[in-house]
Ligand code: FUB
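Next up: just one chain, as structure tokens, the form predicted alone.
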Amino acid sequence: MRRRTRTCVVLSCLIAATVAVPSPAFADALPTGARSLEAVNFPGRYVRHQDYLARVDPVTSASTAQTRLDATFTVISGLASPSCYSFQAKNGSFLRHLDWRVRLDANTGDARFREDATFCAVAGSTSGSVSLTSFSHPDRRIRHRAYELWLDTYQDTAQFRADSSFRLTAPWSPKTNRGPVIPGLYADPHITNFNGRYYLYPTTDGYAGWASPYYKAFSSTDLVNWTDHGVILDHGPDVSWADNSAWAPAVIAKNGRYYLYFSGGAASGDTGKHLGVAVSDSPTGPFRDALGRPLIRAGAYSGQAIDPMAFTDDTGQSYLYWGNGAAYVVPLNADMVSFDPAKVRDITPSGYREASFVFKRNGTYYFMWSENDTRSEDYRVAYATGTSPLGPWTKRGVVLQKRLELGIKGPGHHSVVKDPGSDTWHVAYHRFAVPAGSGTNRETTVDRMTFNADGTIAPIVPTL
């Protein structure tokens, strides 16, 4: 059985494997979302970027709006490790170290950038403060020298500890937009409701070639405040047949268990994408590979075996949908991890690219999908209606597309959820991260979805 050996992400073992320095105490988990970082030994000076170089400068309520903006960062799950953190500026770039200087650069998505832009948190020199060690050079910490930020080798002195300690404070430039609903780079969100609580399962984004290796789960009671439940399936240790390309998960409850359908690829030799299924007793995992092999292998059907989605009809019969370039559906067996290949049906509509999603409302079945390429600002969502989960389908048109006056590009790969006991619907989807995102730097948001009197879907208005 082939397994990928992952770089250790526990800070203490990184340090032990690199150089003998005193093992610092772990800091409490950092709060994600918008924050500013104040120097412990220079109160009133905050980490900010100036001409893309990071430094600590005075910031007050009287400072210019630009200065306050430059001193505000979004703390997100680490680009190189979910156990650590990355710091995204309001312009979309990230703090990273380059030749030991800390600066601000756009995310290229390659492994070197992700590692250089990831920092692990340890306790700082004073109560409540934090020091940030480099993920790729754990013997070095961010510190200020003459108000400039550098990545310096740890020194066991009071001065060094003070110079490398920061307090996370309320942001100087508070968030004004409703989205993204979860901080960081996430795409292909699957939203659902289990037992009155909403769950969101996205692709972890920000990787060149979409090579992310793991999935996380988030949950909420109000679609605004989300709890991060951490990694629920990691292709490295958890899936024998895949290392990367952890794309577009979809989770469904059945038989008192939770089934996660996912895409995966291998790092060496095998360039195709397969579709797998994992199972858990909890919606927040951990999930285990149910088969030890793909459910659908690359090449078994035309197009790519990606973007799975499961739907259970009122009869109790569940169906699996998938495909890129071609759309397929098949009834699932009662075990939810097998099907009869003879029952696979091609349901590809005109304009179809990927990301099938099916739901039922007032006796009508809705089949939705994404058109164009996810790297294009013209990525969008269209739909059709039918009288059964298998079709036939009547195309109704595009319902979600870009809104350039707000800087919203490439909205797509969506999912929908209904408030329990009501006819209120919501749509989760990704878009290019605002303001400087791309087809591999995407963010997840949620908006309302409404219906016209005749049951057709009203145009979905993407919002910030």
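Numbering starts at 1 and runs along the sequence shown. Predicted model only: the values in this text are computed from it and were never measured.
The next section is about a form of this same protein that is not shown, the form predicted in complex with the ligand.
**Student:** So which of Trp172, Tyr379, Phe367, Tyr258 reaches within 4.5 angstroms of the ligand in the predicted bound form, heavy atom to heavy atom?
**Tutor:** That would be Tyr379.
**Student:** Sort through Ile142, Ala248, Val251, Ile232 and report the residue having a heavy atom within 4.5 Å of the ligand in the predicted bound form.
**Tutor:** Selected residue: Ala248.
**Student:** At 4.5 Å between heavy atoms, only one of the stretches 240 to 248, 147 to 155, 114 to 122, 223 to 231 reaches the ligand in the predicted bound form; which one is it?
**Tutor:** Within 4.5 Å of the partner lies stretch 240 to 248.
**Student:** Examine Trp210 and determine whether its closest non-hydrogen atom to the ligand in the predicted bound form is within 4.5 angstroms.
**Tutor:** Answer yes; at least one heavy atom of Trp210 falls within 4.5 Å of the ligand in the predicted bound form.
**Student:** Report whether the minimum heavy atom distance between Asp163 and the ligand in the predicted bound form is within 4.5 Å.
**Tutor:** The answer is no: Asp163 has no heavy atom within 4.5 Å of the ligand.
**Student:** Report yes if any heavy atom of Thr203 sits within 4.5 Å of a heavy atom of the ligand in the predicted bound form; otherwise report no.
**Tutor:** It does: once the ligand is placed as it appears in the predicted bound form, Thr203 has a heavy atom within 4.5 Å of it.
**Student:** Would Ser318 count as a contact of the ligand in the predicted bound form, using a 4.5 angstroms cut-off between non-hydrogen atoms?
**Tutor:** Ser318 lies outside the contact set for the ligand.
**Student:** If we check the ligand in the predicted bound form, which of the residues in 285 to 324 reach within 4.5 angstroms of it by a non-hydrogen atom?
**Tutor:** In sequence order, Ile306, Asp307 come within 4.5 Å of the partner.
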